[in-house]
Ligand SMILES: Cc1cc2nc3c(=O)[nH]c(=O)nc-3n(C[C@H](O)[C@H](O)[C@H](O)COP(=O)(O)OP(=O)(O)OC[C@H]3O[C@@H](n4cnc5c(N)ncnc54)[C@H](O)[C@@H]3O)c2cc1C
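As a starting point, one isolated chain is supplied in C-alpha cells, in the form predicted alone.
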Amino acid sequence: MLKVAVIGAGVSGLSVASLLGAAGHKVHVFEKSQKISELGAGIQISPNGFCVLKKLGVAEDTIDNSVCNNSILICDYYKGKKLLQFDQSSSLGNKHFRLMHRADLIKILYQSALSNKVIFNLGYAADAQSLSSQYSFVIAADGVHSKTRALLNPIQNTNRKTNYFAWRTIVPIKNTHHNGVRLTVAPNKHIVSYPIRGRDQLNLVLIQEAENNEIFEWGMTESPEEIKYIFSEFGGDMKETLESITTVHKWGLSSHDIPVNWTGGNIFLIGDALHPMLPFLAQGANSALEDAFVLTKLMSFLDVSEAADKYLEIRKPRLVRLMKQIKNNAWKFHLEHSFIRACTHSGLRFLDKSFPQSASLPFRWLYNYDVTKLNI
C-alpha cells in the first residue's frame, strides 16, 4: 500500500485519486478551493476517455448524466448549411461518446473518490516539494497554470499566449439542433455546439483568432451583445441560438510545450499540468483520464525511477501526435482565403454525398484507443 498525495481536484486529480484508492492505496487530495466544484460548461468524453470511467465503475452514472454523440456535423457559417455529416457509431462499435456538463462529471468522480476512501484536504494550497518527503508519490494535477510544472521546468515556467479568444455559454435548446456535436466554421472563428443534460440545454464554445493580451483566466464575463456582434455574420439556426445568450464567460487561450521534465524525484505531472492543450479536438479531459489510468498502474508495480521512465515511454508518443492534430485542426477550422475555403468546402460536400463514413477514419487512432487494455 502506497501513501499518495494528489494536488488538485479537477478531472485529472479526482480520477487518479479514485483509481489509486480503488487499487487499495492511501490517497490524500489537496485542493485550494473550499469545496469541490467546477467552473465551466460542457465536456466531451470520447471512447478513449470513457473506457477509463468504465474501469472506475462509473460508466452507468456517466451515461445517466450525459447525451450520446453518434455523429459529427460540419456546417458553413453564412447560412448554416451542411458541409459534411458522418456517423461515428459504426466506426466506434459499441463504445460510448458522451456529451455532458463538466460539473456533472466532477460530481461523479468526487463521489467515486469518496467511496474509494480518498481523504480530501480542502482550502489547502499544497506545495509539491514540501509533500514529497511525506508521501511515496506526489501527483501534481494543478492545472493549466501549474506551479509544479514550473518548479520542475524553470525555463518553461510560463504559458504562451496563442492569439485565440474563447467564450463558453449554455442556452436552452429552442430549435432543432443536430443531436450531437456540430462544428460551424468561418474565417478566423468557429462555434462548437452540442446538447447536454437530457438535450434540454445547448453548450456553446465560440472561438475567435484575436490578440488575447495574456488574459488566461476563466472567470471573466463578456457582454452577450458583444458576442452577438462578433459572430453577427453567422446565419441560419445558429443566429437564433446566439440571440438566446444571456450569460457568457471568456478567456484567452494559452498553450505550453510538453515539458522536458514530467517528473522530479517522486513528483509526477498529470493532465493540464503536464499537457495543456487548445480545445480544437476536445481531448483535455480524455487525455487526463488516460494519464490517470497509466499512472495508477505504474505506481502500483514499479519504483519511482522505473515508473517515471515508463510513464514517458507510454504517454509521450500519443500526446505528441495529439498536439500535431490539434494544430492542424486550428488551421482547418479557420480557413480565411476564399479560394482555399471554397475548394475545401466542395471537397467536404463531395465526401458527404459519396463516402461520409470515410471521414471518421483519420480519428480511429484517437477514439478507438483503449488504455485499459495496454500491457502495463
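Keep in mind that this is a model prediction, so the values were computed, not measured. Residues carry their position along the shown sequence, with the first being 1.
This protein has a second form, the form predicted in complex with the ligand, left out of what is shown; the following refers to that one.
Residue contact with the ligand in the model of the complex: F301 places no heavy atom within 4.5 Å of it. By the criterion of a heavy atom within 4.5 Å, A292 is excluded from the residues contacting the ligand in the model of the complex. Though the partner is left out of this view, A125 does reach within 4.5 Å of the ligand in the model of the complex, counting heavy atoms only. By the criterion of a heavy atom within 4.5 Å, A9 is counted among the residues contacting the ligand in the model of the complex. Of the candidate stretches 269-277, 236-244, 72-80, 182-190, only 269-277 contains residues with a heavy atom within 4.5 Å of the ligand in the model of the complex. By the 4.5 Å heavy atom rule, the three marked residues S18, H101 and L322 all fail to count as contacting the ligand in the model of the complex. Think of it this way: in the model of the complex, the ligand has a heavy atom of just one of I108, V205, L202, V248 within 4.5 Å, and the residue is V205. Distance criterion of 4.5 Å from any heavy atom to the ligand in the model of the complex singles out L253 from the list I258, L253, I227, L84.
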